[in-house]
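Only one chain is included here, represented as structure tokens and corresponding to the form predicted on its own.
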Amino acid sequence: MEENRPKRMAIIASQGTLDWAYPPFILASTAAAMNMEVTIFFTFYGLTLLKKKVKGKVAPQTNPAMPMRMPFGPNWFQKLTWPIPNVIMGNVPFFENMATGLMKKTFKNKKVMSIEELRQMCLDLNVKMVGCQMTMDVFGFKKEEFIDGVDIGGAATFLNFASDADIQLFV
């Protein structure tokens, strides 16, 4: 590592669900605020996080560690845990929509920024965002569908940066 350059963080974002959208943007904005040079490579389902409107949902049936607490109502009600097996959660109609709504409401109540706000903060802090060209081709996305400020490149584009990064993360 050169002594005169800032530390570098390379992040691969491969998930597009709401709960998986937060980590790359939180980590990137924090690192950039700490004067690190940051690049996020958005591939596969993570590429949807670059769309102008993020439509990520929470998929509780795929995350067995997700606590089933109801984050609204009186305090005693919020503390209740609902032990619902994952196999049931995946088969209950509209459960994903309910879980997504509850998570968004909880984040808003806790004054957590939205994905769009965190993403803009990253851009304002000069985080480089690279959309995977191969994934765009596979899913039929066009660059015009993405927010301004996104670069398009392949794995080699990202690996060029990541090979010299101090921190590499796959989230």
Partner chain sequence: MSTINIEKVLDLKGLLCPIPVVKISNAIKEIEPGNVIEATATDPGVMMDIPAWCASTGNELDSMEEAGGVITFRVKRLK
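A quick note: this is a predicted structure, and the numbers were derived from the prediction, not measured. Numbering follows the first chain given and starts at 1.
FYI, the form predicted together with the partner chain isn't displayed, but the following is about it.
Student: Just one of K143, K55, K110, K52 has a heavy atom within 4.5 angstroms of the partner chain in the predicted complex, so which one?
Tutor: When the partner chain is considered in the predicted complex, the option within 4.5 Å is K110.
Student: Which of these residues, L123, L102, I26, I115, gets a heavy atom within 4.5 Å of the partner chain in the predicted complex?
Tutor: Filtering the options by heavy-atom distance leaves I26.
Student: So in the predicted complex, is the partner chain close enough to T30 to count as touching (4.5 Å, heavy atoms)?
Tutor: The answer is yes: T30 has a heavy atom within 4.5 Å of the partner chain.
Student: My question is simply whether M34 lines the interface with the partner chain in the predicted complex - judged by any non-hydrogen atom within 4.5 Å.
Tutor: Output for M34 is yes: heavy atoms within 4.5 Å of the partner chain.
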